[in-house]
Ligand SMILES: Cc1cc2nc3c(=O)[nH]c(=O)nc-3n(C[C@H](O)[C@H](O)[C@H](O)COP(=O)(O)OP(=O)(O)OC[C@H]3O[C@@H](n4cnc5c(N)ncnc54)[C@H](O)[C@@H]3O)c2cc1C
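In the block that follows, a single chain appears as structure tokens, in the form predicted on its own.
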Amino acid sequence: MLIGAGIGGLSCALGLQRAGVAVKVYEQAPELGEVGAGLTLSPNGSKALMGLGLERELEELADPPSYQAVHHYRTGRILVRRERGELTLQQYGAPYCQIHRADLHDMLADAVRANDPDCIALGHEFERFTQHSGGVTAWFTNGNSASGRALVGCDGVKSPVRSQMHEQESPKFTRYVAWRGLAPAAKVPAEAVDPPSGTYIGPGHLFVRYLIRGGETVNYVAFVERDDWQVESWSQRSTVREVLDEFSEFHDLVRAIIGATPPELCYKWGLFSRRPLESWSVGRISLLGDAAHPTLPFMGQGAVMAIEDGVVLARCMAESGSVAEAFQRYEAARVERTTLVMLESAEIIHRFFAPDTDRFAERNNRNEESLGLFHYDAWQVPV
């Protein structure tokens, strides 16, 4: 049983289906959908999805930038340029691309339901679990229950499954706040999205933007360092004026993108951190994705780590003689890597936010690519 039909849970469900392992997914929402905006699929994520049989869908729905650039916040001067496109395919065997979160979610859900129309049970908000030597039972707030050999919490950063497994930890406000928005590409200057994926950095500020949905939409995330406490929620509305005021010193092309944002597509959230867990499993219960390793967004690896988790866990379940063995192999393959990503994601923002913006290229020697994250293959890593 999987609790949560997000990107990680659906990746795991699809992996289990392809391995011939029976699976059921329980989702609290009454209808299946995904909030949010764009996300990055670095080659390690794309390769995992391709192995799930989604190569054609990725080609249709994802946008692979030819190159990326890091710009000076005020002048727009390129500080660092990174080639992508064909070079990434040659280096890693999979594309670097960007996609709307809802499109990726729909892609996964459609594939899962094509294999089993009844695999996803909606309207099932998790309440608690009980387990014994022969299995585990999940209880839901609607009065229903379900039993199986194992249960995996894929229920996000505020995971109720994790809360029952481990002592509650109060998340720590990082002093970083982020806005995310979507703007029609037709309403911004063409040079504002050249290259199709770019970042503007300045003291205490970071603006990331890229094209999605065939180049029709500009997705952006704007980060700032602030002392005032914020809500840890992706769905809190903000105003375009608030973002413009915060990025008043940024280049006109950045402000053009912000200014083109429809009011209903501007959101704000506070970023909170949690300590890495040394173990994710208790008996027949384990965790996946943000429920296991909630990751700050500064390396664009959060969704990718959940996809990798899903593939690796599906392999472990298919290749193990018991649930205990499967979870042991799963943790051995994943805990060290995801902990590294958690810790590095928390550190990299300091290099973006440093006051000496002009010297960024000199200190940009430790990032997701230099750490070797892109070479990872969730289908081939030893389990």
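All residue numbers are counted from 1 along the displayed sequence. It should be emphasised that the depicted structure is a prediction, and the values quoted were computed from it without experimental measurement.
One more form of this protein exists, namely the form predicted in complex with the ligand; it is left out here, but the text below deals with it.
Practice item. Name the single residue among V240, M165, V221, A192 that comes within 4.5 Å of the ligand in the predicted complex, judging by heavy atoms. Key: In short, V221.
Point to revise | Proximity to the ligand in the predicted complex, single hit among H71, H124, R284, R209 (heavy atom within 4.5 Å) | key: Comparing distances to the ligand in the predicted complex, the residue within 4.5 Å is H124.
Practice item. Would you mind picking out the stretch of 310 to 318, 39 to 47, 325 to 333, 52 to 60 that comes within 4.5 angstroms of the ligand in the predicted complex, counting non-hydrogen atoms? Key: Result for this chain: 39 to 47.
Exercise for review: Check whether I7 has any heavy atom within 4.5 Å of a heavy atom of the ligand in the predicted complex, and answer yes or no.
Suggested key: I7 belongs to the contact set for the ligand.
Exercise for review: Find out whether any non-hydrogen atom of P160 is located within 4.5 angstroms of the ligand in the predicted complex, and reply yes or no.
Suggested key: P160: contacts the ligand in the predicted complex.
Check your understanding: Is there a heavy atom of V304 lying 4.5 Å or less from a heavy atom of the ligand in the predicted complex?
Key -> Yes, contact at 4.5 Å.
Point to revise | G300 within 4.5 Å of the ligand in the predicted complex, heavy atoms | key: Answer yes; at least one heavy atom of G300 falls within 4.5 Å of the ligand in the predicted complex.
Practice item. Note that the ligand is not shown here; using its position in the predicted complex, name the residues of 144 to 161 with a heavy atom within 4.5 Å of it, in sequence order. Key: Going through 144 to 161 in order - heavy atoms within 4.5 Å of the ligand in the predicted complex - the hits are C154, D155, G156, P160.
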